[in-house]
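First, one chain by itself in structure tokens, the form predicted on its own.
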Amino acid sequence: MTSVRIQALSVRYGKSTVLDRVDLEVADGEFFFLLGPSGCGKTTLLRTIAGFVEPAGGDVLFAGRSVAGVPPERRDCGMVFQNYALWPHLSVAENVAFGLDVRRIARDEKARRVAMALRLVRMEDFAARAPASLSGGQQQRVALARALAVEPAVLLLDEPLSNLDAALRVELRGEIREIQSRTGRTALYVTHDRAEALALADRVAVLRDGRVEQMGAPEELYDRPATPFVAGFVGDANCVAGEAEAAPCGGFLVRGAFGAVAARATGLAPAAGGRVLLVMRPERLRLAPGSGGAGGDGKLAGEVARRTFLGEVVQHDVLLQGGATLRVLSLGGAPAFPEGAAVTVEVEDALVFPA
């Protein structure tokens, strides 16, 4: 195992800055996620760690030692690519052994490692098969086995599940977490899928425009986001503009045409009397029949504009006084309200940020 430290790392393509002085540290054996939208720099960061991209500035350190100038094949990394990258003319076992052949590992040791890696991903019965005869999930398992066979100090995964269907993604992400835990490898995993990050990660760095917006445990990012961007990227969020005033018992009271809601600041605290952004998660809102008041009790009057059945949950889009619309998610067993019904939205939790 080894730690990975990124120090003031910058990458530029021509005049475009893709990574802008990124700093982060991944501990020994940690399962660390790089989360962000397309174009935020997360894959470029992973490829720079692997040695495929030359940085314009900064450094990458493994176990406290700089790997600047060290070629990819000597960085002791195992890489799992988004598109599997299997050799079609080689068998499953030969694909898994490819990195070992490059490293000139002895035959007996190579056989041991290939067998071990295939066992880890439950593909030992497919060793003689060609990649073309495998399903997408099986091919991804082979790609993971190939990375594990070289027994890397650092395992790098670049959106490895993005080409799979939803049910298979859920199945394989649990297996990847179990394998990482059993092997104890330091792992960095790139994804734009917040469900993967929240379900699997020890810690997550949320990237935006080449910079780290916030870093922390999944629960911390979800419950205490530092910015509205993080709040909206790691979970669903209703955002409504208002004006804040200090509440007597701490926190803030946010007022607007919709009414008034008590809210807590988890990032930069707004100035009393200033314009703010009120953020409310759909699952932390409750619906009750009838029109609520517009006082400071967190009960907002509205009308159901749309009802959408989503299986385990039901989404109600509620039009509030003043024109704002809130998405409210309720478990399937909760009361459902028809479109046009007058309702009260009870706010259980809300966040406030400077506008």
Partner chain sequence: MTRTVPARLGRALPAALLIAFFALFLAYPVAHVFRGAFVVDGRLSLAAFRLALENQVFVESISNSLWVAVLVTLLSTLVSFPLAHLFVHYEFRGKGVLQGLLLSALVLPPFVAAIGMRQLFARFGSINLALLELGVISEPIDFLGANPLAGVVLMETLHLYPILFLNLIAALAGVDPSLDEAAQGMGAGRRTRFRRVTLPLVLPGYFAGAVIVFIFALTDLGTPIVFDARNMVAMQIFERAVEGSRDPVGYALVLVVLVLSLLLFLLGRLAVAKKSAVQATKGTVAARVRRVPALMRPLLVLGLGLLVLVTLLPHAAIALVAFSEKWFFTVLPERFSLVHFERVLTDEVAFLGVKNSLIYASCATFLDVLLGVAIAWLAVRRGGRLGAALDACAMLPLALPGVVLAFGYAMCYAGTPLGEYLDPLRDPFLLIVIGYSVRRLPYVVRSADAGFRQVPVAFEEAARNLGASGATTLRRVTLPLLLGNLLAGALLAFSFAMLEVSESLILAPSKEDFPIAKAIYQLLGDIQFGAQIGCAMGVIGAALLLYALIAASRLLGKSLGELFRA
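Residue numbers count along the first chain shown, from 1. Remember, predicted model here, so these are calculated numbers, not experimental data.
Only in words, not in the display: the form predicted in complex with its partner chain, which the text now covers.
Residue-level contacts in the predicted bound form: of Ala130, Ala85, Ala195, Leu168, one residue has a heavy atom within 4.5 Å of its partner chain, and it is Ala85. The single contact residue among Arg119, Arg103, Arg107, Arg182, judged by any heavy atom lying within 4.5 Å of its partner chain in the predicted bound form, is Arg103.
Per the 4.5 Å heavy atom criterion, its partner chain in the predicted bound form is contacted by stretch 67 to 75, the sole one of 274 to 282, 185 to 193, 67 to 75, 238 to 246. A residue is said to contact a partner when one of its heavy atoms sits within 4.5 Å of a partner heavy atom; Phe98 meets this definition for its partner chain in the predicted bound form. The closest non-hydrogen atom of Ala226 lies beyond 4.5 Å of its partner chain in the predicted bound form. Taking the partner from elsewhere, Arg141 is found to have every heavy atom lying beyond 4.5 Å of its partner chain in the predicted bound form. Using a 4.5 angstroms threshold between heavy atoms, Phe81 counts as touching its partner chain in the predicted bound form. Annotation: in the predicted bound form, residues Val4, Arg177 and Arg208 none come within 4.5 Å of its partner chain through any heavy atom. Residues Arg146, Ala147, Val150 are the members of 138 to 165 with a non-hydrogen atom no more than 4.5 angstroms from its partner chain in the predicted bound form.
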